[in-house]
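The data below hold one chain only, encoded as structure tokens and taken in the form predicted alone.
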Amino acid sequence: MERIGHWIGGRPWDGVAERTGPVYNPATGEERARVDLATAEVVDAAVAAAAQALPEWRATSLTRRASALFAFRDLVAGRREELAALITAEHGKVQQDALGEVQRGLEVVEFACGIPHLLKGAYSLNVSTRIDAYSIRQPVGVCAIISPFNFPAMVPMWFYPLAIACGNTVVCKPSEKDPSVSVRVAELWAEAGLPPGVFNVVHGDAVAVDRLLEHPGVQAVSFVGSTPVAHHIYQQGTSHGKRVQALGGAKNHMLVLPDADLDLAADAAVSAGYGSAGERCMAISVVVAVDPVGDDLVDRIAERTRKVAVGDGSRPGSEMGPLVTGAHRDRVTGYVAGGEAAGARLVVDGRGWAVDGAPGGFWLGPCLFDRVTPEMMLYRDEIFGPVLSVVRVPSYEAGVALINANPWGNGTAIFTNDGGAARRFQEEVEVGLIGINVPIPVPMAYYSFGGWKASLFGDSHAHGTDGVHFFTRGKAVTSRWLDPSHGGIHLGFPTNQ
């Protein structure tokens, strides 16, 4: 049985693990490896390695930091197939989806390569007689990254390229469900010439997370996961004096107006609802149909849903893979049964779906519900699986009111051919990420990613300029040179003259 261990101080950790956990191949249901689960002492060792590397790395020139990032970018690009295969083997998503994940992560690395420009401060000459003022930004210190199972490559890449580029050191705690990619990334960082201790990986569960949150040597925490855990991360991290950005869950809506291209909307609903088996924080889980188009739209979505090819992600032709674990599959299946019992119309039932894969895999086909109402658990909970709900509303106004009443505010989309309605929607909807005829509005790396309401705890979004600001602290400097005379004592409040 393969062992997946920690990476601390520039090399694999060689200690004996007190606890380990299983890592499954979701397409077969078989245990493929054991992952070491860190104790508090192992976390302490990783933080100590990061702290030891910090003084030299933050003093490293921007040019040398950028060079390491460029080298890392080339290594990841050259091994994208290998990284995608690891994602498919442990998460289950199909190969093309895994390759797309690596590419979107690479875009953040490429953005971080421009760190000499991104860290430029401001300078004002002669704000007062022979006095200059300027601003600088400096690294915060040791940064912890706690990432989810659904994007084992991309989500950590939202954070650590910028953290490292800004002069910080990192302890990354990936999901214990699919940990191999983070270790391979650590090896690539070392190959790129990153000094030992700048990037460390510890695996684990709540024990490791809680130690990172309370550790006095950690200055900042970045997290992506469910809303309850994000709330816990934010409360615990900030109570221990840390800077925290905690991105939570979602219930993303897609509003379809009567003038929309219904074929385009149906294609988008199926792609965004069932891609990666619905295990995306940006998945569309609710289609809000403005009648009278509801019946027609549901028919078109159902027609496409029934054709989705479910199978082993490593096999050509598979469009949707398994869920990540058997327990998660059973949880999602419970929502399907609960939706039927609550009175929603199950248009397409994914249970017992014909699958191109091993019978022991964690399979559930795409499920489509119609006539879902906001009182149902099917609507209220983040299911995080291939379950798409259609809610009927009588008007644009009712659709926006439904979306704004939802406690989450991660992403939403509108499908329409009316430019005025689209412009009004982007202003009125209370959500952080908005798509106009785009179902999954994940922004490019040079824009920031983050939701509103219960989808984000903290003030900073991920990547973009928000990321640069999160991983640095500002200083304002006022200086006087060239004048040997201080002019004597003056007890009045200083003014600009």
Ligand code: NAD
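Residue numbers here begin at 1 and follow the sequence given. What you are looking at is a predicted structure, and each value in this text was computed from that prediction instead of being measured.
The following text describes the form predicted together with this ligand, which does not appear among the structures shown.
Remark: of stretches 132-140, 201-209, 315-323, 259-267, the one touching this ligand in the predicted bound form is 201-209 (heavy atom within 4.5 Å). Only one of Gly237, Pro174, Gly361, Gly273 comes within 4.5 Å of this ligand in the predicted bound form through a heavy atom, and that residue is Pro174. Of the residues Phe223, Phe369, Tyr160, Phe415, just one reaches this ligand in the predicted bound form with a heavy atom at 4.5 Å or closer; this is Phe223. Arg392 falls outside the set of residues with a heavy atom inside 4.5 Å of this ligand in the predicted bound form. Though the partner is left out of this view, Asp97 does not reach within 4.5 Å of this ligand in the predicted bound form, counting heavy atoms only. Residue contact check for Trp189: none of its heavy atoms lie within 4.5 Å of this ligand in the predicted bound form. Interface residue remark: Gly248 is counted as part of the site for this ligand in the predicted bound form, having a heavy atom within 4.5 Å.
Taking this ligand as positioned in the predicted bound form, the only residue of 405-427 that brings a heavy atom within 4.5 Å of it is Asn410.
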